[in-house]
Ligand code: PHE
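Below you'll find only one chain, the form predicted on its own, shown as structure tokens.
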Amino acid sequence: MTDGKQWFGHPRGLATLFFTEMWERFSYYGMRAILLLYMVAPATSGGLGLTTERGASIYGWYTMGVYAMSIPGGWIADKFLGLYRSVLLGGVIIALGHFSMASSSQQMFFVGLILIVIGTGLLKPNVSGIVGTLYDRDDKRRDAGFSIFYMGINLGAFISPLICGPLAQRVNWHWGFAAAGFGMTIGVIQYVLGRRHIAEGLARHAAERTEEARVEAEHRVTFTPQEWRRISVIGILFVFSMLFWGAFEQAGSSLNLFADRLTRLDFAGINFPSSTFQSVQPMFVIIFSPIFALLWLRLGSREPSSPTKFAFGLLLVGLSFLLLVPGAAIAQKYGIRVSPMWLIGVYLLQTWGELCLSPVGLSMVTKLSPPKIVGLMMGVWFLSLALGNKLGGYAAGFFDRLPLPTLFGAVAATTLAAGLILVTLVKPIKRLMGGVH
């Protein structure tokens, strides 16, 4: 049972999960900040010496894999291990994967990628599922709680490139991978020590599943029509989520290459490695997460619905790529490195879009899913991120083959069109949600 203490007005278990996810994301984003750069770096500088197209393809398959594995990860949690043990095992496997990449062996590098894919599949959907168990279904703090949880994700994502990036680019690539492994190790230890704070929520979740099983056994009840309508909403927004992440997740691929090759790597007389840009977006999330969480609470009954927030997210990420088109044109036309402010502006708009869509999506899945399959449905939701990451990696493969204004303009047009289409679908989607906001 929990000790009854609150954390910023939320259940104390939110702190445990906040720091668990913070360290997991430290390991993931620290490694992601240097992954493609390492693969395309010449062998003489310690990299793998791959072409941009080949490196982007591997990057896309890898980032797709870490989210696609959320489906079997959620199923394993629902059927066998439970939420707590799935997260614990996943964290251990992720740490082993990062330490494998710290080896100078190319074979161990790919073994490490596979281990991280497996471990993330176990941890990612289920730690979000545990957050949902901290709140009753009608608890109005739920969306705000997920926004705070999301700030933990981005705190780890902000810190890690500042540590893993310089270690990798200025000392040794493998030191950067090792630092990511140490971060995940800290996260596992913290998770185990904080178990008592999430015990009550886990017990309530188990009781709900037991009661559902009893009712089904006695009355042969399947999912009700209303539950199927709510599940269909997850399916509809899945498509729009995939398109959003296809644009957004180019931060680690095409935008990372733009930073490394076409952006000035100095500010106010200070020189910095290109991987440092990977900290800009999570820094903005840390700044704006509490503002957005407070905004949703203050709006009360006027708070936009989940589909409306999704549309805002798509429109904002589309505008971010539209903003970059002239910057890319200047860089390629004159063969110069452009101001860092282009990318900073892009990341600011993307952050606002991310805060409208990502934490809201996590909260929505826990509200719309029947309790006994919440882990599986969270895994299905993360499949939208998987496919989005693959789209992002595919697009990055054109970095050396297309004029960048054309590439970034196509991304902008796709996401802006999707956002406008979703605006027209908000009312019918809200009817399917059956009272869930």
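We call the rigid core the largest set of C-alpha positions that still match within 1.5 Å between the two forms. Everything quoted here is computed from the prediction, not taken from an experiment. Residue positions are given as counts along the sequence shown, with the first one as 1.
FYI, the form predicted in complex with this ligand isn't displayed, but the following is about it.
The candidate spot formed by 10, 146 and 296 lies out of contact with this ligand in the predicted complex, as no residue has a heavy atom within 4.5 Å of it. Interface residue remark: residue 358 is counted as part of the site for this ligand in the predicted complex, having a heavy atom within 4.5 Å. Residue contact check for residue 78: none of its heavy atoms lie within 4.5 Å of this ligand in the predicted complex. Of the heavy atoms in residue 368, none are within 4.5 Å of this ligand in the predicted complex.
This ligand in the predicted complex comes within 4.5 Å of a heavy atom belonging to residue 124. Residue 67 is the only one of 38, 59, 26, 67 with a heavy atom lying within 4.5 Å of this ligand in the predicted complex. 150 is the sole member of 240, 150, 191, 173 with a non-hydrogen atom lying within 4.5 angstroms of this ligand in the predicted complex. Partner contacts here mean any heavy atom within 4.5 Å of this ligand in the predicted complex, and among 379-387, 403-411, 38-46, 51-59 they occur only in 379-387. Relative to the superposed core, residue 363 undergoes a Cα shift of 2 Å or more between this form and the one not shown.
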